[in-house]
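Let's start with one chain on its own, the form predicted on its own, as structure tokens.
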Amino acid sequence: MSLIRIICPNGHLGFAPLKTDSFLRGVEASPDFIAADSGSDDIGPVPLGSDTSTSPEAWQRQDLEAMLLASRRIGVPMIIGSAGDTGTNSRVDRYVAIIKEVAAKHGLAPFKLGYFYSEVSKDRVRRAIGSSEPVLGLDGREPLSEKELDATDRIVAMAGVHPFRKLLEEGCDVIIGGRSSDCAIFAAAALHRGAREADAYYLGKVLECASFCAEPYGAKETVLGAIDDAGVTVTAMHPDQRCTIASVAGHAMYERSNPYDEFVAGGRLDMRDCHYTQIDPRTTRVTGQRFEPAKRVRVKLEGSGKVGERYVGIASVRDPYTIAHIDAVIAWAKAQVVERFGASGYELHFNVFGKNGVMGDMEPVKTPAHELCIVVQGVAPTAEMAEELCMTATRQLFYARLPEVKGTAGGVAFVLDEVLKASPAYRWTVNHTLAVDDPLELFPTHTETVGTEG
């Protein structure tokens, strides 16, 4: 007998729409919860810093509507974490508004809606910087300084299971969460049903990206995870996908420098002794996971700060001689920028696709390309300066003087004559952890009744 069954239809709700057929199969499999993560820092610091979504609202609304209607039809809770890509307060408010709009559109019977916020004030973080428990850095960063805090525009804390469990205990039928640990979204539901911590957190780890734990690859398909007395199982809902030993174990290692540990607010999931068993062609069972509670609860913080306004230029090169001397061409363009703008007060970036454009100096393949695409980014305090900066750097690629070149036509072509206004440039300023006495302190919860009577 299963203790809990959860379907996840999308590994990043709204980033691309869920696939309807496998979702409906999952709904008909009688889950106890329908849950999905809706955020990621994979999208970079811009959405957090600018308080926007990188995903179209139409896609987010489509997934929310499908999940809400299904959850109300079969009478099970629906849980969303990291609303609107970043989990900022405005994104939570937007998702709450969408839930209300969909409920009104379809005349849904009353249900209890819960939500929580995740933004953290700079004052709260500043107090911790000067305390006996500093804001400790992750991934080799130093403890957070006041200088970096001052350079930050917006901070979110990453919730563990705690606000989700609180809202479930209060009887919420739909939960919209601020920034959240991916696995905590699902683990909270499992813990609410009495699962042991190790199984609950592993269930969350395997479900967080939906069909990324299945093969053959197919994004945005639904998977079903379950916990019973024998451990955790995960089953692909698409008829042509399988959750295999290789695909499930591989996903446990996904996006991490250490494949064995998953850290959350309150502890660590240890996957070193996990054992994987194929129990039918589309289902794998996982056992052997352990959970180690933390002696002190530390909550991860993410912060983003604005660098400047940004414009982008695009140039292309086919001439073999120019390609062979592309570093000299870029050096010429940089020199012209310095001549006009000086050597500081802006940022200028050249990504040369066809020559280490993706991996930079880490690129192991040194095979020369027969053509190149150069993407120029100009970042400056004002849009006017960024546009001129980017245009100077892009056009001067055409005018670069190289040895042995006699003609005046230049060796560079432009995809567009103009440069393009892009999103402002932001950088990650905070990737740290904050000690808390109460794991709910940073995540205020709210509830209300939504829907129409009779």
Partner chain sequence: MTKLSELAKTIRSKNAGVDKITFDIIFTDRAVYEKVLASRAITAAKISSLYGIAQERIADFVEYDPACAIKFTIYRTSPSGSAGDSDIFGAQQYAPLLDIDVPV
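No experiment lies behind these values; they were computed from the predicted model shown. Positions refer to the first chain, counted from 1.
Note that the form predicted in complex with the partner chain isn't included here; everything after this is about it.
Taking Arg73, Arg141, Lys105, Arg124 one by one, only a single residue has any non-hydrogen atom within 4.5 Å of the partner chain in the model of the complex, and it is Arg141.
Only one of the listed residues (Ile314, Val337, Leu168, Val379) places a non-hydrogen atom within 4.5 angstroms of the partner chain in the model of the complex, and that residue is Val379. Only one of 128-136, 92-100, 114-122, 257-265 lies within 4.5 Å of the partner chain in the model of the complex by heavy atoms, and it is 257-265.
In the model of the complex, no heavy atom of Pro293 sits within 4.5 Å of the partner chain. Proximity of Trp59 to the partner chain in the model of the complex falls outside the 4.5 Å heavy atom cutoff. Proximity of Asn351 to the partner chain in the model of the complex falls within the 4.5 Å heavy atom cutoff. For the chain shown alone, Phe414 is not a contact residue for the partner chain in the model of the complex, no non-hydrogen atom being within 4.5 angstroms.
Each of Glu215, Met253 and Tyr426 comes within 4.5 Å of the partner chain in the model of the complex, counting any heavy atom. Residues Gly357, Val358, Met359, Asp361, Met362, Pro364, Gln377, Val379 of 352-384 are found to place at least one heavy atom within 4.5 Å of the partner chain in the model of the complex.
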